[in-house]
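Encoded as C-alpha cells, the following chain is the form predicted on its own, with no partner shown.
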C-alpha cells in the first residue's frame, strides 16, 4: 500500500535516474521531459554501480532536493545465475551506502512482481514475498537494503513492483508481447509453450512511466504492485497480435517443459491511490507497439 506525502502533484527538484539507458529509464526520462521536469540520467558510463567508487561518485552528483529513481539491474535475459545475483546485490549495496549518508527528497525503487511465488494465488501488496527465482530474491533483498538505508537518512521511500512491461524499445525479448511481435514480423511465426494457457497481466511501458511519474509528483511512499488487473492467456495475446500483422502469421504450439501457472492481481490499492488513472487497452497498446516497431524497421 502507498500514501502520498503531497496531496497535489508538485516537483521542485531534479529527478535523477539510475539506469537511464535501460527500457524503463529511457521512457521515464522522455515522459518527465514532456512534463517539464528537470532530469539527470545516469548509466554505467557515468556511474558504474558495480564498482565501489560509484558511492563517492554518486554522492558528488546528488543534491538534497533530488528525487532518485533506481531502475538499474542485470535482467534475466543477461543472467539468471548466482553471479548475476551477486552483481545485482553489489549494485544495491553501493546505492544503499549512498542513501544512508545522503538525505534526499524522495527515492523510488523499481522492483518486480518476481518477488512473489509463481503459485501464490491472487496477488496483493500484502502477499508474502517468496520468490521462486534468484532474480526475484535479488529484488526482495534490494528492497530491504534500500528501505533500511532510506530509514537511516529519513528519506521518503517507494517500491513499485511492475508485472511484465512491453513496448517498442524493450531489449529483453522475454516470452510475451515483445517477443511475439518481433517473431511475427521477422519470420511470420509465434511460438507458444503448450497451447499458451497461462494467464498473465502485461503493462504498456508508457502506462508504467505515467504512473511512476504520478508517484514522483506526489512523493508517494510504501509499496505498490503495478498491474492492469486484466490477465489474459498467451494464446489470446498471440491471436491479438496476428490480427495486427499485414501478412499471415502461424501460431506454433511447442512441447511444454514446465507446469501451467496463472498470475492474477487484485489492484484495489492502485485504484484507491490513483482513482483517475486509466491503463491503455491491450489491443490499442499492442497496435501502437507494432506500429512503432514497423516504423523503426
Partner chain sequence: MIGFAGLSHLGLVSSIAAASKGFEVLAFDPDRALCTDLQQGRLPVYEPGLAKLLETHRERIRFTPDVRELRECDVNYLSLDVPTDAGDRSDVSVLHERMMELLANSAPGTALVLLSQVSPGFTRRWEQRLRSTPEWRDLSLYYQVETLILGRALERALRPERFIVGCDDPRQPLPAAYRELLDAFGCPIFPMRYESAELTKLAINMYLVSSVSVTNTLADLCEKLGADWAEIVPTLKLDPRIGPSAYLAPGLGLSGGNLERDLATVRTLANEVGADAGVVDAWVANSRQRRDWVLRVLHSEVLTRNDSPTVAVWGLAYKPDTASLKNSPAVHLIEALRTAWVRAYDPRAVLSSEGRPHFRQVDTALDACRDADALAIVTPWREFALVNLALLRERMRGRTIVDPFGVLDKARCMREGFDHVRLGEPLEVKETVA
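Residue numbers count along the first chain shown, from 1. All values derive from a computational prediction rather than experimental measurement.
Just so it is clear, the following notes concern the form predicted together with the partner chain, a form of the same protein that is not shown.
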item: Contacting member of 33, 254, 261, 272, with respect to the partner chain in the model of the complex [4.5 Å, heavy atom]; value: 272
item: Sole residue of 37, 40, 228, 55 within 4.5 Å of the partner chain in the model of the complex, by heavy atom; value: 228
item: Full three-residue contact with the partner chain in the model of the complex, heavy atom 4.5 Å, for 47, 97 and 157; value: no
item: One stretch from 24-32, 245-253, 229-237, 58-66 that, in the model of the complex, holds residues within 4.5 Å of the partner chain by heavy atom; value: 229-237
item: Interface membership of residue 122, the partner chain in the model of the complex, 4.5 Å heavy atom rule; value: yes
item: Interface membership of residue 278, the partner chain in the model of the complex, 4.5 Å heavy atom rule; value: yes
item: Contact test in the model of the complex: residue 282 vs the partner chain, heavy atoms, 4.5 Å; value: yes
